[in-house]
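Quick heads-up: it's one chain on its own, the form predicted on its own, in structure tokens.
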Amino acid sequence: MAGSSHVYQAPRGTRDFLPDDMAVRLHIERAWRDAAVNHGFDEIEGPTFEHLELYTSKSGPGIVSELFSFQRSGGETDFALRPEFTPTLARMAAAQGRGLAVPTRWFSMPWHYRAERPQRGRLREFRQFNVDVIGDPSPAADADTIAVAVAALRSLGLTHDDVQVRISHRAVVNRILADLGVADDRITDAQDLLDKRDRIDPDAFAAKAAELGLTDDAVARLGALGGDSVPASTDPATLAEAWSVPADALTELVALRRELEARGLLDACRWDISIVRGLAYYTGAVWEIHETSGNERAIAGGGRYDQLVESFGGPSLPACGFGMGDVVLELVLRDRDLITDGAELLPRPDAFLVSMGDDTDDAVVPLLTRLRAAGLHARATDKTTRNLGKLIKDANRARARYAVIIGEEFADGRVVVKDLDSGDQTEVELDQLESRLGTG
């Protein structure tokens, strides 16, 4: 309304990205993309919104309350902003049919939207790194996706001392739950409860476990599942004893252990049977990456979902993958001082031009244009002052490598180049300027 002093805010659960914030986001995305590409994955993208049925067909109508769903004005088709990428991935793979290369290695970094109450580490709009292998049933594919996640985190400064991959297996979990006395038709409920174990009060956990028909002893054993996660280097016999399952139930995890060892990842991984992942489409190994301090929710999570592509009308293809959101990851990086100031991540200009007189002002734009044409990152001051000290401060504020001072020497075909890191300055011939600035 004209004359109103009202200032609009960003919608709750969303973020504005000012230059410093954008630098942080691009820093994270660069680590994601480099890790995926270096491990042989190709980038894809899908639509921001999908048919609502894509989500309700697998999760039921109850999921609608968790989505931003809508109809076009005057239309009849229900759509929803995507809350995750895996259904889109499965739809895209199914659409390729038998023409899909096997195995296919894809990654994406799409926006996602969830209509839920915003809280620390969980927003309504967020960026997510998705990495998937389609058409490879072997544990090598699971290990490859874990390797991408670990490589991305390591490039951001997070080592196995900071974060750990906690690995489980849905079939093993189900076997343990059945041995505890959980009925077949309550296995999913028990999985959900186990998934929430660390987020609810112990008494509430025990009460809900009792509702599953478990004895007091079984409730105690269910609550103790996981605990301190077991190193991935643990031999199968010890692991079978720790989980009270026969060794032959761990065949796939033993094979995964071998693949992780081949990639030098055992130190980064732990076995933790309390990891079940909440989504029903997981069929085999599942895993999450957590801070060793446990301050934040999972940084990443994924696993194997061998029937998903087929469930969307595609061929029967095994698949596995993970998602890693930017919100929790940024919190972890900031908490560990791996990101302190987004300005430090902004690209540094090669040259910052300042004019010292009226007779050299007209030289600034042509020289800027020339340097940019040579592929250099060049900027100029917006200030009208002739105070060199203030202009150099301007150049330092922009984090430029060099200040190019256009003064009285310009008439003789020279400028003064000041190295803003060392403080050294020299006169440089104009025809040598590009080479001089390109040496930093």
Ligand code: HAM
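So that there is no doubt, residue numbering starts at 1 and follows the sequence shown. Remember, it's a predicted structure, so these values are computed and weren't measured experimentally.
Just so it is clear, the following notes concern the form predicted together with ligand HAM, a form of the same protein that is not shown.
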(request) Can you check 201-209, 82-90, 349-357, 134-142 and let me know which stretch has heavy atoms within 4.5 Å of ligand HAM in the model of the complex? (result) 82-90
(request) Kindly confirm or deny that F126, Y281 and I299 each have some heavy atom within 4.5 angstroms of ligand HAM in the model of the complex. (result) yes
(message) I need to confirm a contact call. Of M109, V327, V219, L250, which residue comes within 4.5 Å of ligand HAM in the model of the complex, counting heavy atoms only?
(response) V327
(request) Using heavy atoms only and a 4.5 Å cut-off, determine which of P103, G314, G121, P318 is in contact with ligand HAM in the model of the complex. (result) G121
(request) Give a yes/no on whether G342 approaches ligand HAM to within 4.5 Å in the model of the complex, heavy atoms considered. (result) no
(request) Decide whether F322 counts as a contact residue for ligand HAM in the model of the complex under a heavy atom distance cut-off of 4.5 Å. (result) yes
(request) Flag R166 as yes or no: does it have a non-hydrogen atom within 4.5 angstroms of any non-hydrogen atom of ligand HAM in the model of the complex? (result) no
(message) Since only the chain is shown here, I'm wondering whether S274 would be in contact with ligand HAM in the model of the complex (any heavy atom pair within 4.5 Å).
(response) no
(message) Do any residues of 93-114 have a non-hydrogen atom within 4.5 angstroms of ligand HAM in the model of the complex? If so, which ones, in sequence order?
(response) R114
